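Just the one chain here, laid out as structure tokens, in the form predicted alone.
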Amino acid sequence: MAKTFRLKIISPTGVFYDGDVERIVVRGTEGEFAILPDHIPFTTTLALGTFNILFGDGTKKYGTLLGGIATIGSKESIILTDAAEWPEDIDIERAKEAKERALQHLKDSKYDATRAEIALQRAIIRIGAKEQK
């Protein structure tokens, strides 16, 4: 069995994931990076995007992280995120509606363009994760 480390993904609604993994690939604000066992400790910000987990038995799973902070250690890494989802938990119709709303808000100057752009990015990430499944 491969060497693993403890990974915790925590959102405002609670613990999303807590278990041992061989590797996780996440999107930081500077680009994608992998966290492995015995990784050099550091803290970084995360961008909206997907993550990919490789478990010690060779199985893989992916999901979405909607921004956050990662604290990486040699034996344990903790990700604090605004939201995390497995593809099977994503309501595709709701995500598509959110995308359409965000596109409309971007066209209408009475809405905050920054908030609309973030909502659009979130919807696109969620739709992409669901369709990848």
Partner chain sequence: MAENVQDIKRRIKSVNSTKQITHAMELVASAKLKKSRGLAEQRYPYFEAMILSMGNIVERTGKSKNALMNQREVKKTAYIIITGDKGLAGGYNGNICKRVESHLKNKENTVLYTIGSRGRDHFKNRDYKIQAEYLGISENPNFFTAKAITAGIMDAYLKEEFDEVYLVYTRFISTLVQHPYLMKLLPLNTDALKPKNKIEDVEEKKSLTGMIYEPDPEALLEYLIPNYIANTLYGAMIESAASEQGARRTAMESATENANEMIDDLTLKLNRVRQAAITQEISEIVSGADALS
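Residue numbers count along the first chain shown, from 1. Under this definition, the rigid core comprises the largest set of C-alpha atoms superposing within 1.5 Å between the forms. Predicted model, so just to flag it, every value in this text is computed and none were measured.
Absent from the display: the form predicted in complex with the partner chain. The rest refers to it.
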| item | value |
| --- | --- |
| 4.5 Å heavy atom contact, A34 to the partner chain in the predicted bound form | no |
| Touches the partner chain in the predicted bound form: G63 (any heavy atom, 4.5 Å) | no |
| 4.5 Å heavy atom contact, T13 and the partner chain in the predicted bound form | yes |
| 4.5 angstroms heavy atom contact with the partner chain in the predicted bound form for K75 | yes |
| Answer option from D108, E30, E100, D89, heavy atom within 4.5 Å of the partner chain in the predicted bound form | E30 |
| In the predicted bound form, residues of 33-49 near the partner chain [heavy atom within 4.5 Å] | I40, P41, F42, T43, T44, T45 |
| Large Cα move at A119 between this form and the one not shown, threshold 2 Å, rigid core | yes |
| Change in CA distance between T13 and T114 in the predicted bound form, which is 3 Å or more, as closer or farther | closer |
| In the predicted bound form, whether the C-alpha atoms of A113 and G31 sit closer or farther than here (change of 3 Å or more) | farther |
